[in-house]
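Presented as structure tokens, the chain that follows is alone, the form predicted on its own.
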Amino acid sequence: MSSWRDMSRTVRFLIVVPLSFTMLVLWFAWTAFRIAPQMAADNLRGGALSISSAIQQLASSDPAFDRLAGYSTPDIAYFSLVDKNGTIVFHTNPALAGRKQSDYVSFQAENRIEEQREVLGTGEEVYLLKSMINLSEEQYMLVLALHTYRADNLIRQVDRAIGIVIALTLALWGMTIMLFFMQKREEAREKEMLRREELARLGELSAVMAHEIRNPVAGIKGFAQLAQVSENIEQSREYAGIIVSQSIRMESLVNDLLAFARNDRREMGQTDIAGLAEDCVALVRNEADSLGISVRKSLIPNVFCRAVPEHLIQLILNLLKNSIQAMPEGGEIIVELEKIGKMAVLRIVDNGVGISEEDIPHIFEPFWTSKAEGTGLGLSLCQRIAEEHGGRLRLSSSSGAGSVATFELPLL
């Protein structure tokens, strides 16, 4: 379930991030595309008005216009002055001086500023500004043509930037699609691995079940046959008792195997761990008393966690029964529950035979056991239950010195 949630979060991330980035890029591209031409036009207009003002000042200080002949900037293509008769009295190209400017009269009447783009005979497009200026109480029409390449370069730079950003966006989407398919392939691979693990587990369970059930079945069959031919009622009862004990052993084996093989994902709810521990101690007390084992409790009340109660009961009972089995000649079990930080900590302490140092690394391995009988699934199942609840199970022990099982679970 957790892997599916992780997958869902990854897919949402792979969609939301590129989509958000794409929307941002589209907004940027549209804004830049819309503003860049206006900015270029504003730059040309501002430059033209500044140059016009400079020309007017030079012409005012020099009625012969000699100083205008030496005035030039990198932006100026040409400029000219037209008098009230429509005659060009000054032009940066002296060969054009003295010619008529046909639109002077209509332009003077409207007394306006006119701007447009015009293509020269050389094929170059220039920005053309026409305006009226006053010199020595006479009006002249100033015709100023500016090169546009510097202003238009802004548009070209914006276009290049938009192209680069769009290319990066497409690359991001390409990577996103590639990662998505890689994620899908990884998901398929994980499913296949899980399927193979389940098949391997099924095969292992089948082998263990066949091996472990064969002995009880053989015993049941043998004693049933003896009971069938026996004429002694007491002896038949003895055989029946053995058959019953072997049947119980086989039932316990099957229950352990089914519990280990299950994939029971029940919904967790608020659970009182102290109450569960009380119930589990009550369930094993008669068995413990019959073996001369005392069970003491030290449980703080109202310790609540998110859990599946049935699963925690199975965990606590397994740990208690392990402790009981470790004390065939009697002893003492202490069940403690306390809060440490944000964790509920349950300890089951016994003074039984303990576990040897070389066996400690194997105690949580499925099907491993140091006992003559049993499947070796108890502690493995307990560990899995602990991990499913976001907790941890630890076991410390030494041969002849007893064991301490510690189960930690996050508090609500």
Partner chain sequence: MRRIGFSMILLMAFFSFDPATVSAFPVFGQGNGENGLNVASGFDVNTITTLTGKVAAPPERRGYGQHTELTVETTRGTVNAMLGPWWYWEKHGIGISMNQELSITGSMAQGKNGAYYIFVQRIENKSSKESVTLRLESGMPLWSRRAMGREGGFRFPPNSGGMPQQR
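Numbering follows the first chain given and starts at 1. As the structure is a prediction and not an experimental result, all values here were calculated from the model. Just so we're on the same page, rigid core means the largest C-alpha set that superposes within 1.5 Å between forms.
Although it is not shown, the form predicted together with its partner chain is what the next lines describe.
None of the heavy atoms of residue 130 is located within 4.5 Å of its partner chain in the predicted complex. Using a 4.5 Å cutoff between non-hydrogen atoms, residue 28 does not count as a contact of its partner chain in the predicted complex. Among residues of the shown chain, residue 163 is one whose heavy atoms approach its partner chain to within 4.5 Å in the predicted complex. At the 4.5 Å threshold, heavy atoms of residue 78 reach its partner chain in the predicted complex. Within 4.5 Å of its partner chain in the predicted complex, a heavy atom is found for every one of 23, 92 and 147. Between the options 84, 237, 156, 296, the residue in contact with its partner chain in the predicted complex by a heavy atom within 4.5 angstroms is 156.
For the candidate set 268, 179, 226, 120, a heavy atom within 4.5 Å of its partner chain in the predicted complex is found for exactly one residue, namely 120. Contact with its partner chain in the predicted complex, judged as any non-hydrogen atom within 4.5 angstroms, is confined among 47-55, 30-38, 356-364, 60-68 to 30-38. Using a 4.5 Å cut-off on any heavy atom, none of the residues of 395-412 reaches its partner chain in the predicted complex. A displacement of less than 2 angstroms separates the C-alpha positions of residue 338 between the shown form and the other one, with the rigid core held in common.
Core-superposed comparison between the shown form and the other one: the C-alpha position of residue 404 differs by less than 2 Å. Relative to the superposed core, residue 237 undergoes a C-alpha shift smaller than 2 Å between the shown form and the other one.
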